[in-house]
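This document opens with one chain alone, in structure tokens, the form predicted alone.
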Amino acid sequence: MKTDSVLEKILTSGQLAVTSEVGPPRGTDPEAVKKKGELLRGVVDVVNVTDNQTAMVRMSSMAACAHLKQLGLHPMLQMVTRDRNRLAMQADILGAYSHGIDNMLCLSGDHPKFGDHPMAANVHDLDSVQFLRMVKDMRDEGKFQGGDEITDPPKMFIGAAANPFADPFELRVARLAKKSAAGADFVQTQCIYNIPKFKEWMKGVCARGLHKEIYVLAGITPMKSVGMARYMKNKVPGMDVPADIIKRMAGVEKKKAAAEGITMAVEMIQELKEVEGVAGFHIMAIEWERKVPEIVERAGLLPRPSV
């Protein structure tokens, strides 16, 4: 064991892990994040808290994580390199761990042009791979990036994101290997709709033995409507939504589309359970957290293990 993380304990035990995520509020009310967290209690192992997702200003991930921690939940700090230099990042990691937050996801972040402050400067003092290495060195070597020793190092369970569908596809496995070598203990993938392509990626992952080095949590996002399916296919970079998904969503009555999206997500989880190297699932029900319990239960992922 590298950490005391509940997520690490579940993954090392060989059981399928389940994570989900919440977006903090665009204001100061802690109840907004607490209500979302309560919907996930007993249903998932760890709750990701996004960091100014889509480059929109929100309550900080660390503050929202602290509110969830006070509820007895297990939050995961997300941090992007877009908004901070290495001093601020290391300071926030120390601060988060001081609140008992021992899971984190290291990301680059969406470009400010997509958000509400398009004029904001990108920082990107480090890229995502350098970021992973910095957090690993803080944990395992007990050193800041500048070389000084850390008093009581932060024992973070370190995660990264992976997009099996981005171009060029043939470099996707090598990209995962690079993140694993830099220090990632696990990855949460982009939303999966093209299952054959994901299976092809996983074959490459297993062929290199990476599934024994890094835990892969498959990303699941339930569709609410055919409009959502078309938007994700045409407007979201790096998303791969096959035509048959859109056809299926278009083939049901509008009032039944959300239920069909839930059923589709459950079917995907059940199929992906059988894929070698899949260690769990990351369910991203965007502003639809109330549906996560139904998805997890119908997919046969309850009760969650006690560790």
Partner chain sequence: MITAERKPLEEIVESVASFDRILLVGCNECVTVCAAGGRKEVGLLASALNMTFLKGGKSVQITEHTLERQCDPEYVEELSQLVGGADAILSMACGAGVQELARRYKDKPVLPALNTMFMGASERAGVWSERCAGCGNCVLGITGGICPIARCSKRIMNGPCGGSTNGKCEISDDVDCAWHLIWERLKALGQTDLYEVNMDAKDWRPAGGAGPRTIVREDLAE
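Positions refer to the first chain, counted from 1. Everything quoted here is computed from the prediction, not taken from an experiment.
If you look for the form predicted together with its partner chain, you will not find it shown, but the lines that follow are about it.
Only one of the listed residues (74, 178, 199, 136) places a non-hydrogen atom within 4.5 angstroms of its partner chain in the predicted complex, and that residue is 178. This chain is displayed alone, yet in the predicted complex one of 42, 251, 238, 27 has a heavy atom within 4.5 Å of its partner chain; that residue is 238.
Shown here without its partner, the chain carries 122, 170 and 174, all of which come within 4.5 Å of its partner chain in the predicted complex through at least one heavy atom. Proximity of residue 140 to its partner chain in the predicted complex: non-hydrogen atoms within 4.5 Å are absent; the residue sits far from the partner. Although the partner is absent here, residue 231 is not a contact residue: none of its heavy atoms lies within 4.5 angstroms of its partner chain in the predicted complex. Taking non-hydrogen atoms only, residue 116 never approaches its partner chain to within 4.5 angstroms in the predicted complex. When its partner chain is considered in the predicted complex, residue 109 lines it closely, a heavy atom lying within 4.5 Å.
Partner contact region in the predicted complex: 101-109, out of 101-109, 199-207, 214-222, 150-158, criterion any non-hydrogen atom within 4.5 Å of its partner chain.
Contacts between stretch 143-164 and its partner chain, counted in the predicted complex as any heavy atom lying within 4.5 Å, involve 145, 163, listed in sequence order.
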